[in-house]
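In structure tokens, the next block holds one chain alone, the form predicted alone.
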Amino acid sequence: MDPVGCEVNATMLTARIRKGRHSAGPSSFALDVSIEVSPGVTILFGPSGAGKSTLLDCIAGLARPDEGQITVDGEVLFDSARGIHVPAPKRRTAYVFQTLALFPHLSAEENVAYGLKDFQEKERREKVEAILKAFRVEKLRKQRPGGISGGEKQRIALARSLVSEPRVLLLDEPLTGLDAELKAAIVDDLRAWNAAKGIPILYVTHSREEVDALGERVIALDNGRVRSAGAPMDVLDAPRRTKLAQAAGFENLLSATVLDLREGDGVMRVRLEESTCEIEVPLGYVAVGSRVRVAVRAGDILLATERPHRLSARNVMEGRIVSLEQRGMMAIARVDCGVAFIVHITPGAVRALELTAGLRVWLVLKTHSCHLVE
């Protein structure tokens, strides 16, 4: 088994992890990360299998590192050199899973009060009342989980985790299945609660929509490594790896060959896949003839029914619409330019431009909407 190490602090979470899969066969996966997390909501983002949940398990005490140190608010929870390993129930770390695991036979207030058995009755009632009010579910106190909505269950699960006033909150995709507006409303209440408490909140997701709705800071994880960290736009609008690009919503991932470098212009010319389609992309540290991967968001591509002229955008490609599909308030066009592109447009644009399958069109793409990924 590969070694594991982790460090955590109350207002700054620092983790160093090296952990291979625990299996009899060989495994190429190893978690090897270094992160810092301050009070507030920090998104841990990445594709499935990136190591997000394993990292949370180490912090919570559900997975025991082979080496390293974990501290919260100056208290040592794990130290391999000193032989210290505080059990998970004593770490004052709240952990909310996607399944929520509310007790179906208990009412909302009984679920929330479950972890307060060591408190006097009066104090227990006061704590439960305050947290139910903070998460706007005080009117549901007598109802059981089977009779309330999904969003209300999430609020009760958060209230149950936070009523004991933990020092760290870990959220492993607890809002999956809720719409973006409801997610944002719940997290707004969570932020309001945390404004007074000031604890680090680490929120795991692989959904770009959740990052945009919820995140203050993002740590992007892929294949057990931290690839970037910072503001959501800085991290996910220019992903460095293919899996992160896919997770971040880059629908077009294209192989390309470098044709020439134009250092004075800060660009290079590439040929897409095996086609004759050539575009300009930002200059990379590669040689002519190198193979690269180019990621482009479907929403960053403009579509025209006449050849555009005198544009600042450097890439104009002629093609034909292969198919049109409407999904909610968005239309998805698949366009063949010798290379298949996915383009997102509004239903209004489809009507105004009279777009149909088979129509000749031109795609317009800015150079800096093209991102080189590994």
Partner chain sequence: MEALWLSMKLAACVAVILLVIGTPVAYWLAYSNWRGKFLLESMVALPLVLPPTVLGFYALIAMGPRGPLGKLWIALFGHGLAFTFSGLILASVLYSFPFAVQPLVASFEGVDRKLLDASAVLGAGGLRTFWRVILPLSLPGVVAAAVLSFAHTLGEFGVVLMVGGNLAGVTRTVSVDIYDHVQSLEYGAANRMALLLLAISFAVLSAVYAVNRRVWTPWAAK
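Given the structure is predicted, the values throughout are model-derived calculations rather than measurements. Positions refer to the first chain, counted from 1.
If you look for the form predicted in complex with its partner chain, you will not find it shown, but the lines that follow are about it.
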Among the candidate stretches 267-275, 195-203, 88-96, 70-78, which one is within 4.5 Å of its partner chain in the predicted complex when only heavy atoms are counted? 88-96
Its partner chain is absent from this chain, but in the predicted complex, do R155, P174 and L190 each have a non-hydrogen atom within 4.5 Å of it? no
Which of these residues, V292, A298, L140, L106, gets a heavy atom within 4.5 Å of its partner chain in the predicted complex? L106
Though its partner chain is not shown, can you say which of A101, V286, L259, A304 has a heavy atom within 4.5 Å of it in the predicted complex? A101
Are any of the heavy atoms in N252 no more than 4.5 Å from a heavy atom of its partner chain in the predicted complex? no
Residue contact check: M317 to its partner chain in the predicted complex, 4.5 Å heavy atom: no
Find out whether any non-hydrogen atom of G115 is located within 4.5 angstroms of its partner chain in the predicted complex, and reply yes or no. yes
Is R144 one of the residues lying within 4.5 Å of its partner chain in the predicted complex, judged by heavy atom distances? yes
Of 157-174, which residues get within 4.5 Å of its partner chain in the predicted complex if you count heavy atoms? R160, S161
